[in-house]
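Heads up, the chain below is alone and in the form predicted alone; it's given as structure tokens.
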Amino acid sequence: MVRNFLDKIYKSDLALSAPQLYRTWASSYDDELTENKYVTPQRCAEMLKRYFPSTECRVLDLGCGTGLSGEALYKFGFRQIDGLDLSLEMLELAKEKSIYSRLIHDNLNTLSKLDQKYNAIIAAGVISPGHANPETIRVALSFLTCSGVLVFSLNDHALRNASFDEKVKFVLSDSMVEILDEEYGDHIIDINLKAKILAVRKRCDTAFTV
């Protein structure tokens, strides 16, 4: 079983920065995650489909990487998909899959290059310690249309980090959102890592700002 990078990615003392890690990992990313049964993209896409059964919506795949989440969204019938990621190398691989209408190179925590709103945003395997922080949830919500839906995952490392988990809960309680769905299940099966998937709807009774 190949785990060249999965054994490194969750180490808090990892010497490489996230951009450096993903630059090095890009070429083998799909093979390693597929071989170890990474199922969170499928779980997130399936949950989003519950709230957009017609799939007629514009979706942002936040932290799209090489396009595994985009492939899952496409499989469930979504066709208007933009992707955003911090790694140029991964975006180049995502482009080859011809899934995305647009690919954006940007910081996951600030989303400073986004210039439009979306009906839905999916963040599969993105919100976690050492990667995108809990405030990313608040920023992502600001790019949703009225009644838009954000689907995101929190893996065991995020859930077991008390400080991180509390910050996520605070952002959700402090934001104008309705929690629609919450499911705990597999994340990467072969390393026995699980994740909670949440779907939240942006409320429209008051204006929402970051």
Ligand SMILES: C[S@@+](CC[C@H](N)C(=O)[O-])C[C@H]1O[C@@H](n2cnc3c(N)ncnc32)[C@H](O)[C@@H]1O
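Residue indices: 1-based, along the sequence shown. Keep in mind that what you see is a predicted model, and the values were worked out from it rather than measured.
Unshown form predicted together with the ligand; subsequent notes refer to it.
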Stretch from 46 to 54, 59 to 67, 138 to 146, 159 to 167 whose residues place a heavy atom within 4.5 Å of the ligand in the predicted complex: 59 to 67
Listed residue that, although the ligand is not shown, lies within 4.5 Å of it in the predicted complex (heavy atoms), from 81, 121, 84, 94: 84
Of 114, 108, 99, 103, the one that lies within 4.5 Å of the ligand in the predicted complex (heavy atoms): 108
Contact flag, residue 134 vs the ligand in the predicted complex, heavy atom cut 4.5 Å: no
Partner contacts for 32 to 53, taking the ligand in the predicted complex and a 4.5 Å heavy atom cut-off: 38, 41
